[in-house]
Structure formats: structure tokens, C-alpha cells
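Here you get one chain, nothing else, as C-alpha cells; it is the form predicted on its own.
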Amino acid sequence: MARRVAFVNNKGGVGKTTTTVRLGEALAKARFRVLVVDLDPQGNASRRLGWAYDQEAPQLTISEAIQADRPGVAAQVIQPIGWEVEYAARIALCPARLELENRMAEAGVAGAWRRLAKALDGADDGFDYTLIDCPPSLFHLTQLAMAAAHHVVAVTEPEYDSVEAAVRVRDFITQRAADLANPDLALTGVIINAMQNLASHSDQRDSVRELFGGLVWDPVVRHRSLLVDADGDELPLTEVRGEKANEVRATYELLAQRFVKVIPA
């Protein structure tokens, strides 16, 4: 079984999807086999990995796998990504579309929170890591991820609201992991994203370190417009050019090294 890691924050716009995609990319470059599960109905991780829905030949998505409620059914929705680089062959995707929102209505169905874990059972055995990109909430879809995951990594910007939302993630895991039949689930890391040269950001970075201690992973990800552009253009970082391109690539490669050290395959 792959080591499953959910990327979570209770606030949107903090960089969960970017972190999921770019860590997956760095891990694949380091020759690990990575499955990305897009659990956000916006489907941004799917798009950024170069996947597109084909209206004439519709592909199955993670929504259908969850709805099926059968062991291992996620194997039927795993697809290649659209990047044309050598290491892309080591990244696969369970894509998402807006239809995934319909699974929210099943939150009250007995055992529904186990459906992602059931769908992945055996389906991700051929991977080293399964990275789950979660929506900006702690409700049903994120609980599906937490019930299936071995680890949670919180992603936060150095902003007060983002940091408070990361604290809510930590507290939710402490208080509710047992309710998800996953009592060993733990917050394993905290990644600070989109750092800028602002006094307020420095203060909030220090606050994150005080709140989470050794859970904070280095290096901090600095805000770079070329990273935003790469996400928008659905490009792997190896195809990005610019003054700070090497710095951005190195940041995620170093984070991937920390990831593997804390979460061995």
C-alpha cells in the first residue's frame, strides 16, 4: 500500500493544490511513484497536471469511485497525466470534476466517510505515495481523505486567518480522528507557502513555528509569479524559465527530501 498523505487547510487559497502538485512532481523526479487524488470539486489539481475531461469519451473520476462503494474501485479511474516530461510516467491521477460535490449529500449515509478508503484499497498498491488534494473545509470530502490517509500535512500562508485555519485542522485531527476509525492519524507536517518580504509575514511565520514547533518543514515556499504562471499554464517546473526558476525547483526538491525523511515509502 502507498503511504497516503492528505493536504489540508480549513481556508481556501493557501496553496494546497500547488503544494500537492509540486511535491508530487519533485517526488516523481526523485523516482518515486506518485498517485494524486484530486478531492476538490474545483478540479484544479487535475487541470494543472494537464488532464482534461473529454465530452465525447467521458472518463471516470474519483466521484464515481466514491459513489461505487466497492473495494479497489479507484483502480478504474486512475489515469495518466498530460505533461510531456520523462518523470510524468511516474505520476498518475484520480481526477475530479464539479460533480464531486454530489458526494457531499451522502455525508449522512451510514459508513459513507469510509468510501474513499474502500475505493483505494489495493488500487494504490503500485505507488509509493498517494497525495490527496483536499477542498478548503473540514466537512465530508476532507473527512473522506482523513479516513483514508496515514498522514496529514497542513499548508498555510503566513497570514492570520490561514494560520488559525491550520490550527483548526490540528485540533480536528486530535479530537475526531478516532471518530473516523483512524485513531493513529496525525498532523505530520506544516508547510508555509507564499512567503513575501513583509513584516506581517515574518511575524506570522514565527507564530507558525511557535504553534507547531518541529512539525514545520523547511524551506518556506516564497511567493513567485513564475510559479503562479506555471500552475496557470499547466506546466511542469522543468519547463519553466525565468530568473527564479532554479530557486523554485530547488525549494520543492528540498521539501520532497524532508517529506521522504518524515514519511518513508
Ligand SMILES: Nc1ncnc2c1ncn2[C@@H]1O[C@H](COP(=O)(O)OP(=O)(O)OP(=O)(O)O)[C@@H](O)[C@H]1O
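So that there is no doubt, residue numbering starts at 1 and follows the sequence shown. Values in this document were obtained by computation on a predicted structure and should not be read as measured data.
The protein also exists as the form predicted in complex with the named molecule; that form is not presented, and the subsequent description refers to it.
- Of the stretches 24-32, 205-213, 65-73, 220-228, only 220-228 has residues with a heavy atom within 4.5 Å of the named molecule in the predicted complex.
- A residue is said to contact a partner when one of its heavy atoms sits within 4.5 Å of a partner heavy atom; residue 147 fails this definition for the named molecule in the predicted complex, lying far away.
- The closest non-hydrogen atom of residue 142 lies beyond 4.5 Å of the named molecule in the predicted complex.
- The named molecule is not shown here, but in the predicted complex it comes within 4.5 Å of a heavy atom of residue 42.
- Contact annotation: residue 194 falls within 4.5 Å of the named molecule in the predicted complex, judged by heavy atom distances.
- Of the residues in 1-28, those that come within 4.5 Å of the named molecule in the predicted complex through at least one heavy atom are, in sequence order, 11, 12, 13, 14, 15, 16, 17, 18.
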